[in-house]
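Here we start with a single chain on its own, the form predicted on its own, put down as structure tokens.
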């Protein structure tokens, strides 16, 4: 088959028997040849991780296992599917958890094997639903279609050499079949199951799309597209019709949860448009063309001064002070070498002659050890937990009035700003503020740049 389209469905879209029925309708509505990539049924990945953690601690994992069974069995029962469809994978899950409980050990390799069960079952369930609805389909694990990764369990890197294998394997599939493929997971050169990191199903969709050079990659999720701001804070936030790859990458990195941050990389490389759609916002029987719905990520997006706002909460902020920085080559290299060693990546950085301010994710790396080493080369001040507010737009390159407007509105509402940066690409401005001021800052800036029409 020659796949023209990738359709990826997330866990929320697959969470119940009714959701599965809706997803089936979306797939059957699409007349182009397609490959479907799926996440685990909603909530199952977390349940599997909790079961594994309980088994490792010598606690009872059965409540989590029973809930995994319940969610899958409900879909099997309500769609009249054969229980044998997933029995083997449920048994594999039990064997893995028994091993964890016996050894009281949960290695990254075993954790990947446990959580992979969710996606692998999801492919079987959705293909079963499609077949029951009259759409011939078959489930594949990603490695059976050629996706190979390195051995970095939990954050595996796909191998470039996978692309020709994926293309050859998919080309050989009967054109009458709709392939349903597991996202998020792969297999290493050693034959071990790996995962691409949380949210990696989006990344999987882009990898398959790039390898097959499809016409479009669709990411079906629980919101109707990429919004101007977080709808949980800004109730009237509207959908962005079109956005560039660069803008989408910035937004996803700085807190917009619609896409996995790495999704746009393979698609951008092959210049394949990515369309973000709402599974529950698009009606399967609506005659409105899909081409006019959701958000399209494409470099043909027209310039817009501010395209959208995003917030990253709960970030760590530190300040380094050292007179040795003054005209001293290599000082920043030493700082970043320490951070690299402790696997800490910097979100925002601002420097002066004798100081550096940085923010990074609180969950990353070994912060305590890094701070101890940094203390040997500079005076370290650990600031309270902060939030980052990011404004993204290609028009920022040319509009010099934006910062004046931003600071005027924030000053009116007494919102403090501790760090402000504009990246080298000049399409984003980031502000570091207090978590308690984030909501007000987001609301007033949304009102400033996206007033009600």
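Predicted model only: the values in this text are computed from it and were never measured. Numbering follows the first chain given and starts at 1.
Just so it is clear, the following notes concern the form predicted together with aspartic acid (ASP), a form of the same protein that is not shown.
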Quiz item: Taking heavy atoms only, is residue 199 within 4.5 angstroms of aspartic acid (ASP) in the predicted complex?
Solution: yes
Quiz item: Do residue 119 and aspartic acid (ASP) share at least one heavy atom pair within 4.5 Å in the predicted complex?
Solution: yes
Quiz item: Though only this chain appears here, would residue 392 touch aspartic acid (ASP) in the predicted complex if you measure heavy atom gaps against 4.5 Å?
Solution: no
Self-check item: aspartic acid (ASP) contact in the predicted complex: residue 40, any heavy atom under 4.5 Å
Solution: yes
Exercise. Sort through 40 to 48, 61 to 69, 397 to 405, 23 to 31 and report the only stretch with a non-hydrogen atom within 4.5 Å of aspartic acid (ASP) in the predicted complex.
Key: 40 to 48
Practice problem: Output the sequence-ordered list of residues from 152 to 189 with at least one heavy atom within 4.5 Å of aspartic acid (ASP) in the predicted complex. | Solution: 184
